[in-house]
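Just one chain follows, in the form predicted alone, and it is written as C-alpha cells.
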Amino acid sequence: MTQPVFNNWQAVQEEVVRRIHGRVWNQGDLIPNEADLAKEFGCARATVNRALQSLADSGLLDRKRKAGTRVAMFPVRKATLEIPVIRKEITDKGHTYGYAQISRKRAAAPPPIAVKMALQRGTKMLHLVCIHTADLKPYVVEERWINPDAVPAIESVDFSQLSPNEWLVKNIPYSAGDITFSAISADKHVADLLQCRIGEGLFVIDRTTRRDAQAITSVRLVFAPGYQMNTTL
C-alpha cells in the first residue's frame, strides 16, 4: 500500500483532522509531540508545528506551553473574515458599481472613536464620508477615521475617484482588528444618503484595524435596507 506523503503542512493538517474525526484521538486526548509526529510523517518539525498551530487557531486543538497539545474538549469552529473591497463585492453580484466622496476633513476624533483606536482625546485624524452604489442605487455609506501617524501617505491620496476602503485594502497591511455587527434605525442624515425611510432598520459593521499596537483606521459601514451578509463555515 502506498504510504501518504506529508511534504507540506496542509497534508499533515489533513491527517490530524482525519485522526480526530475518526476517533483515533478523542476529545481531551494528548496527541504525540511535534518531534514524534515529524518522525512518523517523515517531515520537518516546523511543518508539523504550522499544521498544529493552524488547527489550534481554528479551535480544534488546545496547545499549552510545556503541557503539550490536546484535542479540544469543546471544539469551536472559528470564522475568519476578510476585509472585502466593496467595489468587487458589488460587481461580483452582477451590479454596476458607483462611488462618490461626500466629505473629507481633518478633525478631532469623537471620544468613542479615540477610545476604540487607543488615541488621546482631541487627536486630529482624517475623516471621510463616502457612498457606494449598485446600479445607481445606494448600497452602503462608508464613514471612516484614519490615523495619519499610522498612514502618513494618506494626506496626499485623492479619494474623489477611489474609495478609502479599496486604497487601504490594497496598500496598508494590518496585523489585527475587531469587528462589531449591529443594527440601527435610520436617522434623517442616513435616510437621505441611503434613500430610505427615517426609522428603517439598517445593518451596520463597525471595524477597527491595527498594525501591532497602532490603530490604522476605524470605519462604520451602514448598508441600505435589504442587505444580506453571506459567509461559509
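All residue numbers refer to positions in the sequence shown, first residue = 1. We call the rigid core whatever largest set of C-alpha positions still superposes within 1.5 Å between the two forms. Just so you know, these numbers come straight off a predicted model, no measurement behind them.
Omitted here: the form predicted together with the DNA. The next part is about that form.
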query	finding
Answer range among 173-181, 41-49, 189-197, 204-212 for contact with the DNA, defined in the model of the complex as heavy atoms within 4.5 Å	41-49
Distance check, G68 to the DNA in the model of the complex, heavy atom within 4.5 Å	yes
Partner contact for D29 in the model of the complex: the DNA, 4.5 angstroms, heavy atom	no
Partner proximity in the model of the complex: W9 to the DNA, non-hydrogen atom cutoff 4.5 Å	yes
4.5 Å heavy atom contact, S58 to the DNA in the model of the complex	no
Large Cα move at A46 between the shown form and the other one, threshold 2 Å, rigid core	yes
Post core alignment: A67 C-alpha displaced by 2 Å or more between the shown form and the other one	yes
Large Cα move at W25 between the shown form and the other one, threshold 2 Å, rigid core	yes
